[in-house]
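Here you get one chain, nothing else, as structure tokens; it is the form predicted on its own.
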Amino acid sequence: MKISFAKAALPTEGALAVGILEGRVLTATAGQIDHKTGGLIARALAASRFEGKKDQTLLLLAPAGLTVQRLLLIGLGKPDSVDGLAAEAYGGTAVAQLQAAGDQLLTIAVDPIGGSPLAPAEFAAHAAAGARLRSYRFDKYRTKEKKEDKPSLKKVVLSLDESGEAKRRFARLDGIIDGVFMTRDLASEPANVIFPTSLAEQAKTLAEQGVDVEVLGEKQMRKLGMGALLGVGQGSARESQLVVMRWMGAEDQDAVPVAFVGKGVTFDSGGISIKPAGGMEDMKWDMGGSAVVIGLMKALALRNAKVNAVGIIGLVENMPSGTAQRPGDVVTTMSGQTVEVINTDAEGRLVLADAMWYTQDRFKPQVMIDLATLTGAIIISLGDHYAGLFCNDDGLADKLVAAGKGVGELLWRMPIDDPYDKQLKSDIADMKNVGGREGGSITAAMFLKRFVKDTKWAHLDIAGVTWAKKDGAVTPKGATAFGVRLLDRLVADNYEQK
């Protein structure tokens, strides 16, 4: 779907979306249409329950006095709440309502809104971003889809006076969305297509954007002592990988980098501690954390972020076989610490333990943030509205929460206190890989904390937010890419050279 910007004018074809403020207050374009059509919008509002509240919609077919086929009224809410997220929801809602209606062209009107913190050009850029984000579909394997089920929209035009400035502002957002879409694609692919070596090959394509990509195989990891990561993948016929991505965008090439570490279990059967059959197909996206890191590195490169950033992903397939890791096995991590593997389905933390230690050992980053679909317990705690945030530094935690609020990817800080650490005590090794049912997401974070040196560190448990079971304002059902925009905002607000 093509996104473009044009000078404000009423379209003569396709569909038109206009905003209405809460209290049925018409925006300039809505007022122009109402005047031109002899009060069409006023009559429609009077005959409906539409009040202009955020995300409310009212669709008028073949409106008399206009040549467009459809007029969509979208609620914007109160003027002082019309921020970037509201603008994105405006564009996303327009596409969601009209992308399969039959029209090929959608015009979205953008008007100045008194009391809004956004200028029209910034509003239009975010509305365009919302439209593009909501247009995403993963349909490469559909061979018999009916025509009426396919999106009809080919072009979306944002109509406003400051169209040139809006286009310039959207260009930066567009690169970030490319990273989001790459993450969504990778998480949507089945496990017979995305496995450790093929995912590593996907990461290598970032070289086209100037990202330096290095891949370590099992022989190299064995030499480094990564017994925890290698133990997870030893039951699979697929070779495990560690991928190192570097974007050196800072003017000072020696500037200390920020580091992002992603869990990449390309399929998680649970291993010998095998999962129930119901829902196991969802475990193709247990590599969601690694997909976010790949998409983030692409986004940083495409917008030429002035930062040195490192992305590390540990890629394994957790399968049961005659060579698989057994409950009760003891593995030695790269740090030298030993782990008694009580449950082979608590494998992501083993992958991250070695990947995080390697990241600190080699790059000595100023901050390190890991992302992982780590525990079902975080879903019980927070559902699908927030990701769990575990952090050893209050300042970093505050920055992450603020970045998440800015892009609509919400974090809730969870405790990491010593009493939970005691649950990991093993009778025969330095620790167990599980701490029991109580506080499961917290004890998983406490396990990871044992592999953090003096680095400022945060762990994001994204198990509940990586995959959406229903459509959202800018996220269709399926892979969400939660984390790409959040971490890009974190970098932009706190770590780029100005």
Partner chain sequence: MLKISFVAAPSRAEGLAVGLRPGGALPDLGRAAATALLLGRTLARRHSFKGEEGDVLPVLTADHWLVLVGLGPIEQQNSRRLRRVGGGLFAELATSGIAKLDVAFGLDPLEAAELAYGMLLRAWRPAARYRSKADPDQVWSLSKIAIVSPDPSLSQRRLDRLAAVAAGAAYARDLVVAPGNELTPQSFIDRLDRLTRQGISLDVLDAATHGLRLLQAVGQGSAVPPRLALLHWRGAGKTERPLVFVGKGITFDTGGIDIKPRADMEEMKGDMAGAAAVAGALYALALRRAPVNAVGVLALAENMPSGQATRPGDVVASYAGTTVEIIDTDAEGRLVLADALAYAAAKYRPRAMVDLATLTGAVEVALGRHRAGLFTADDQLAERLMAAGEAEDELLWRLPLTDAYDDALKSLAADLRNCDWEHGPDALHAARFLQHFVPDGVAWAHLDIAGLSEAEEDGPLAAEGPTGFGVRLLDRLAEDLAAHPWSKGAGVPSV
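Residue numbers count along the first chain shown, from 1. Given the structure is predicted, the values throughout are model-derived calculations rather than measurements.
As for the form predicted together with its partner chain, it is not shown, yet the points below apply to it.
K.L.:
Choose one stretch from 156-164, 295-303, 119-127, 409-417: the one whose residues place a heavy atom within 4.5 angstroms of its partner chain in the predicted complex.
P.N.:
Selected stretch: 409-417.
K.L.:
I need to confirm a contact call. Of 385, 223, 150, 142, which residue comes within 4.5 Å of its partner chain in the predicted complex, counting heavy atoms only?
P.N.:
Among 385, 223, 150, 142, a heavy atom within 4.5 Å of its partner chain in the predicted complex occurs only for 385.
K.L.:
Since exactly one of 330, 397, 256, 379 fits, which has a heavy atom within 4.5 Å of its partner chain in the predicted complex?
P.N.:
In short, 379.
K.L.:
When its partner chain is placed as it is in the predicted complex, are 437, 440 and 469 each within 4.5 Å of it, taking any non-hydrogen atom of the residue?
P.N.:
Yes, all three are in contact.
K.L.:
Please run the contact check for residue 135 against its partner chain in the predicted complex: heavy atoms, 4.5 angstroms, yes or no?
P.N.:
Result no; residue 135 lies far from its partner chain in the predicted complex.
K.L.:
With a cut-off of 4.5 Å between heavy atoms, is residue 219 one of the residues that contacts its partner chain in the predicted complex?
P.N.:
No - in the predicted complex, heavy atoms of residue 219 and its partner chain never come within 4.5 Å of each other.
K.L.:
Check residue 273 for me: does it contact its partner chain in the predicted complex (non-hydrogen atoms, 4.5 angstroms)?
P.N.:
Heavy-atom contact with its partner chain at 4.5 Å: absent for residue 273.
K.L.:
Given that its partner chain is not shown alongside this chain, does residue 269 nevertheless sit within 4.5 Å of it in the predicted complex, heavy atom to heavy atom?
P.N.:
No, residue 269 sits far enough from its partner chain in the predicted complex that none of its heavy atoms falls within 4.5 Å.
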